[in-house]
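Below sits a lone chain in structure tokens, taken as the form predicted alone.
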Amino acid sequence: MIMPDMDSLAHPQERRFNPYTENGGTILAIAGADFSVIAGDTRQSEGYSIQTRYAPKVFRLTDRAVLAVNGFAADGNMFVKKVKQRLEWYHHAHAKDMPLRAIARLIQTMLYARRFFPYYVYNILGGIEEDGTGAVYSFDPVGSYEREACRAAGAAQSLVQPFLDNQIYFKNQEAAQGTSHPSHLPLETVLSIVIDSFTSATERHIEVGDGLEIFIALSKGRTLQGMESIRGLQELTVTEDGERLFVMRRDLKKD
């Protein structure tokens, strides 16, 4: 019979298991007067290892709603699957898609229900409200949420959010004398800000890169205003009411 080491008995050893991990990547969303733009990179990593160069973080929920998830990839994929399932049940029961504001409340309820063992994901919901305005809702892992004009989350949040605060909220900017800052930026400017945000984050953060997916939700009667020829632009859906959903894909640095 082997006797235990008395030193190990005198000094208790801790055992710990962490079910979560960080898988990198960054997401953001910006709301306009009659459109929303939701974007995310496609790199999935852990530490200094790239697990895959194409792991989408932005998902179409309905013809008017898009969800971006970031954090623990396994939790994110499962959460999106469960949200889509709930939305499908709603569609079968009511013969219509759930409105964006109701989807935000649904996500809040689902996250809060798991608050003691939460989905380790940060969610950003973007799309078109029933009144035709663009909207963005941001969530923490246990369900606290609010409607905002713009929000970034993920590995490069500390790099991207200050840039959005400056360009969208015009923080630390003085308007020219006799003028005021616009309440909403045009779509072309917003797309340029989104692309610049991810290009800069890719240069400065090792967990961001490879590819960029940008979803564009347009309100009824809204057009792309001459940007139909943008490289990589693809139309996904057109609703009976006239809302349109597009996706644009771009390459980012792969090193």
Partner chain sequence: MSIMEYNGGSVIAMVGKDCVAIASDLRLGSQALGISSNFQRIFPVTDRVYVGLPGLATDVTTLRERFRYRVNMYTIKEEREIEPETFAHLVSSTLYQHRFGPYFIEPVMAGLSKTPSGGFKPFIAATDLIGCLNFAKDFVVAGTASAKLFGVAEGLWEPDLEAEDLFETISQTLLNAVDRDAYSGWGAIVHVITKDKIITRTLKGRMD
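Residue numbers count along the first chain shown, from 1. In this text, all values refer to a predicted model and were calculated from it rather than measured experimentally.
Quick note: we don't show the form predicted together with its partner chain, though the next part is all about it.
- Comment: 155-163 is the region of 128-136, 90-98, 155-163, 177-185 lying near its partner chain in the model of the complex, near meaning a non-hydrogen atom within 4.5 Å.
- Within this chain, Q167 lines the site of its partner chain in the model of the complex, having a heavy atom no more than 4.5 Å away.
- Though the partner is left out of this view, S200 does reach within 4.5 Å of its partner chain in the model of the complex, counting heavy atoms only.
- When its partner chain is considered in the model of the complex, N172 lines it closely, a heavy atom lying within 4.5 Å.
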